[in-house]
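Next up: a single chain in structure tokens, the form predicted alone.
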Amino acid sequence: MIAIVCVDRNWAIGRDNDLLFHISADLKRFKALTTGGTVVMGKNTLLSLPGGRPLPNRRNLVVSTTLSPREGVEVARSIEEAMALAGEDAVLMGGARLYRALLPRCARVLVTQVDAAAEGADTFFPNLDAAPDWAAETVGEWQEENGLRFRYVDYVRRG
């Protein structure tokens, strides 16, 4: 499993169950990386998507003990069930609790680093730069969109 996340310079990922940044290039990259595959998310992440609808052209696996069945969504009632259903090529896309629970099972994390500190952020991703079991494998060049500088950094699990 790999994880994909967009963070600010403090590793913040959200505020009020929403993304901190809407970067068109990053959203296009996310779509390209996940279309045709399986995405794994928590219930709040699903509900934060436009209309609370699953992402098109992907297998949407939602980990939740309370979510009612809905069209286009497979519900796993536990982390173990999610792992059994997901497959090795699944992409973990949030939220924070699911990242914390499944990060130890990920081999790679695709991070979009935004060179800004988001005000009012209330949700954070573990700082992989400070984690001894993670290393930056590739660090992309800084890009800019609508006044925001960002780059892609791919982390791999050490050992």
Ligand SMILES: NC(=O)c1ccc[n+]([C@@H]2O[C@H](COP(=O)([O-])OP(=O)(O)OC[C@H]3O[C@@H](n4cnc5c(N)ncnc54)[C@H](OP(=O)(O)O)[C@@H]3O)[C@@H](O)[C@H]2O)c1
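For every residue, the number given is its place in the sequence shown, counted from 1. Since this is a predicted model, take the numbers as computed values, not measurements.
Same protein, other form: the form predicted together with this ligand, not shown, and the subject of what follows.
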Q. Does the 4.5 Å heavy atom contact test between Thr38 and this ligand in the predicted bound form come out positive?
A. no
Q. Asn57 near this ligand in the predicted bound form, any heavy atom under 4.5 Å?
A. no
Q: Answer for Glu137 alone: is it within 4.5 Å of this ligand in the predicted bound form, judged on heavy atom distances?
A: no
Q) Quick one: is Lys31 in contact with this ligand in the predicted bound form, heavy atoms, 4.5 Å cut-off? A) no
Q | Partner-contacting position among Val109, Ala90, Leu98, Leu61 - heavy atom within 4.5 Å of this ligand in the predicted bound form | A | Leu98
Q. Which residues in 8-39 have a heavy atom within 4.5 Å of this ligand in the predicted bound form?
A. Ile13, Gly14, Arg15, Asn17, Asp18, Leu19
